[in-house]
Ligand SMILES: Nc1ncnc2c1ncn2[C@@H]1O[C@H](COP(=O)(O)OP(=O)(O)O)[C@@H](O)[C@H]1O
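Shown here is one chain on its own, the form predicted on its own, set out as structure tokens.
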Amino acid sequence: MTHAATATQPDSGEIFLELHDLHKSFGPNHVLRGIDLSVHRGQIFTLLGGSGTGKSVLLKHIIGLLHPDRGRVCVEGAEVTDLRERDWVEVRKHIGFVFQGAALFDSLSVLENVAYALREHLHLTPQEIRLRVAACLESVGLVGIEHLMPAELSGGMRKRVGVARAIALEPSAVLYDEPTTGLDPANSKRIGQLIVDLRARLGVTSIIVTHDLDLCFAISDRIALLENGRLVAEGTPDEIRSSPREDVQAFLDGGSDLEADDVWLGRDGEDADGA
């Protein structure tokens, strides 16, 4: 059975992200306990784990929303662990972030939401902004909705507008925090295919945190499992499936059918609806 990731562009071999001995606590709660991790440029890398295992905390360290108690974070070969906030602004121009709930500004139209970072960071004319926004929306399968407000969008559309906003600055990587939470299977399938398409067309590195096994095994190049603040396994989808570790198999046994990749990505000939 062919996975989507193997049918798209392979990673370049260059390292995009490195985490070295990363620790983070909140009071007595030790959330990350010495994380070592590398992600190659162009990879679709998925971090699995149950709720409360530290997945989102780890993701936020990559863009400086949280800072480690100990350890190092390197992005594109540069250490960013101790950057000041104003220096993080430049790093974040190259990394898009798709929040779990899309995090759209409810008082702004779709056009204004997607254009927000463009107006903040680039010197573009209003016409150039409109054209860039339209192109981003087209990339996520949404055309002609610039005038709509977030309240007028379905859950799947809100997620895709969140992705359009994340790619507006043409980043080299996009981080996804639980991108399919709250979506029905058709829209979850659409988001997964969108992540694959962005890598194929734009060479985007994708780092995903999720507990969605269907999404993970359908699109990932590499997978890591986070448990109790530690990475207990890392490898290709096949290596994770065949892991001899009991904790890995226990996590996988709690999920859904991992062999339905082709159906999950719509290769059975059925396309997801436009929601």
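All residue numbers refer to positions in the sequence shown, first residue = 1. Note that the structure is predicted; figures quoted are calculated from it, not measured.
Omitted from view is the form predicted together with the ligand, to which the following refers.
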I'd like to know if Val57 sits close to the ligand in the predicted complex, meaning any non-hydrogen atom pair within 4.5 angstroms. yes
At 4.5 Å between heavy atoms, is Val248 in contact with the ligand in the predicted complex? no
Contact label in the predicted complex: Thr53 to the ligand, heavy atom within 4.5 Å: yes
So in the predicted complex, does any heavy atom of Val31 sit within 4.5 Å of the ligand? yes
Out of the stretches listed (214 to 222, 232 to 240, 38 to 46, 22 to 30), which one is close to the ligand in the predicted complex, meaning heavy atoms within 4.5 Å? 22 to 30
